[in-house]
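What follows is one chain in structure tokens, specifically the form predicted on its own.
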């Protein structure tokens, strides 16, 4: 009886059960802040010009020998995994033994004057437009220095001012498969909102991490590895990739992967508030 009385409150009623904790609401979503710092804006546009020039001059360099190999050596007597060539009056692209007719686009096409040319890539896609390997190499190596030191400067400044930590670094919760899948679904619906306090959503962060810290540095390293001068002085870069020709193949694949990223990036900008995004990446202001 004493125990029963002790269990009652002064009013003689049974104590109310402990309140159940309310579930915490998910992090609020918001439209990301599209304003960017001066360093990011400068590097973005300088890097864009450098990448386009490197890509187009690289295509002219590729025209000198439009075949790709794996390993250390490559010549017309070695098996190539990719070939852009012609057979008779027809142009073709061959990958792994599968051949696709590319007449009029690659290998065999008419120039601006209607003259048929036999070259892997047409003049409108290359720098210079007329076949000139020496000039293409000058363009390529000049902008390679701008590209490499621009990337290095951006990385150093972004580490020092905390830009990478604040905006690009993935948080622990963002690695959860459910969060990543939801972000992918949202992107498919053209919903680019981010969690409160974050500049980018997880898919955007992973994309920028892959490009800035993986693809762009690999472009520099593979470019050095395939260079005869670098290979003569430091042989280890080409050894890392299994030979100079393997480095050349990876360089080619990375170049077209970055081109695909740029096309997708521009397409998403055009589909989602282009004027706001352009203002944020030029004058750093958002109305």
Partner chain sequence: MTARTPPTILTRRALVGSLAVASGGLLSGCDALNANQGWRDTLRLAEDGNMAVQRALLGSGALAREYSPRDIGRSVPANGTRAPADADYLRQAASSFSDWTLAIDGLVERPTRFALGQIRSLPRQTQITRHDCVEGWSAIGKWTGVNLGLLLDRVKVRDSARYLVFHCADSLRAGPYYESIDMADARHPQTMIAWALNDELLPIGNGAPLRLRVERQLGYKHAKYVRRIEAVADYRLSYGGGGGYWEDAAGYEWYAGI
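None of these values were measured; they are calculated from a predicted model. Residue numbers count along the first chain shown, from 1.
Just so it is clear, the following notes concern the form predicted together with the partner chain, a form of the same protein that is not shown.
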Heavy atom distance at most 4.5 Å to the partner chain in the model of the complex, all of 61, 76 and 79: yes
To test your reading of this chain, name the stretch in 256 to 264, 36 to 44, 243 to 251, 214 to 222 whose heavy atoms come within 4.5 Å of the partner chain in the model of the complex. 243 to 251
Please pick, from 164, 127, 195, 84, the one residue with any non-hydrogen atom lying within 4.5 angstroms of the partner chain in the model of the complex. 127
Within 4.5 Å of the partner chain in the model of the complex, heavy atoms considered, which of 133, 105, 170, 209? 133
So, residue 56 and the partner chain: in the model of the complex, are they within 4.5 Å at any heavy atom pair? yes
Using 4.5 Å between non-hydrogen atoms, is residue 92 touching the partner chain in the model of the complex? no
Check residue 153 for me: does it contact the partner chain in the model of the complex (non-hydrogen atoms, 4.5 angstroms)? no
Does residue 147 reach the partner chain in the model of the complex, with heavy atoms at most 4.5 Å apart? no
Would you mind checking 248 to 275 for residues with a heavy atom within 4.5 Å of the partner chain in the model of the complex? 248, 270, 271, 272, 273, 274, 275
